[in-house]
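Next up: just one chain, as structure tokens, the form predicted on its own.
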Amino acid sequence: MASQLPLAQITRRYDRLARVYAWLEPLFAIHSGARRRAARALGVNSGASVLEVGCGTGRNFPYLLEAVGPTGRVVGIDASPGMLAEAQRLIKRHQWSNVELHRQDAAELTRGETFDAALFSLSYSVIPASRTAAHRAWDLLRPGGRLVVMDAGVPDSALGRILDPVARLLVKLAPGDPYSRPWEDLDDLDAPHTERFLLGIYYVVVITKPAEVP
């Protein structure tokens, strides 16, 4: 089950954290390797279009743009105006012309276009209606496109039992569900492929949309 906090409350919390979010990443053991792994899992080439759901401050943009190249496109959505403001500053600083941002509730996601891939990076476990949001993103994928979820949670192991109290404390800072299981939530879409890393705390779930039958 995803975060039980109302979206408005989650948004206010991230608005307050937006300016210091980058400094909090070591506390949550977030590193560039995890973001790069998620971008690679999208399986996109130069010229592709990628939708990032819950793009936050844009920390994934460098890796997504590396994947899609100068002729590709990245569309980021987020419900927090504070996080989007930081993402916009990043875009302006790097003078990226092929990234666009939209403020939107992921559970009500609608776009008049389709994408080659969609990414939930450290956002699936935070979005209150995460399963609905993922289905919305899935509907926007072209045949053969990939839905990727990169997130963290308490593993089913001895380490998980040790980390459980810490996880519950961290949730008070950045809301989310440390027991979120997207590979179970989304198994109705297709067969999810899941890889765990960093002692099993982090995972990447990949679901590929079936190609059109000629």
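Quick note: we count residues from 1 along the sequence shown, nothing fancier. Quick caveat: nothing in here was measured; it's all calculated off a predicted structure.
Quick note: we don't show the form predicted together with a small molecule, though the next part is all about it.
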item: Full three-residue contact with the small molecule in the predicted complex, heavy atom 4.5 Å, for A41, T132 and L186; value: no
item: Candidate stretches 68-76, 110-118, 89-97, 124-132 - the one whose heavy atoms come within 4.5 Å of the small molecule in the predicted complex; value: 124-132
item: Y21 within 4.5 Å of the small molecule in the predicted complex, heavy atoms; value: yes
item: 4.5 Å heavy atom contact, Y14 to the small molecule in the predicted complex; value: yes
item: Contact flag, A137 vs the small molecule in the predicted complex, heavy atom cut 4.5 Å; value: no
item: Contact label in the predicted complex: G54 to the small molecule, heavy atom within 4.5 Å; value: yes
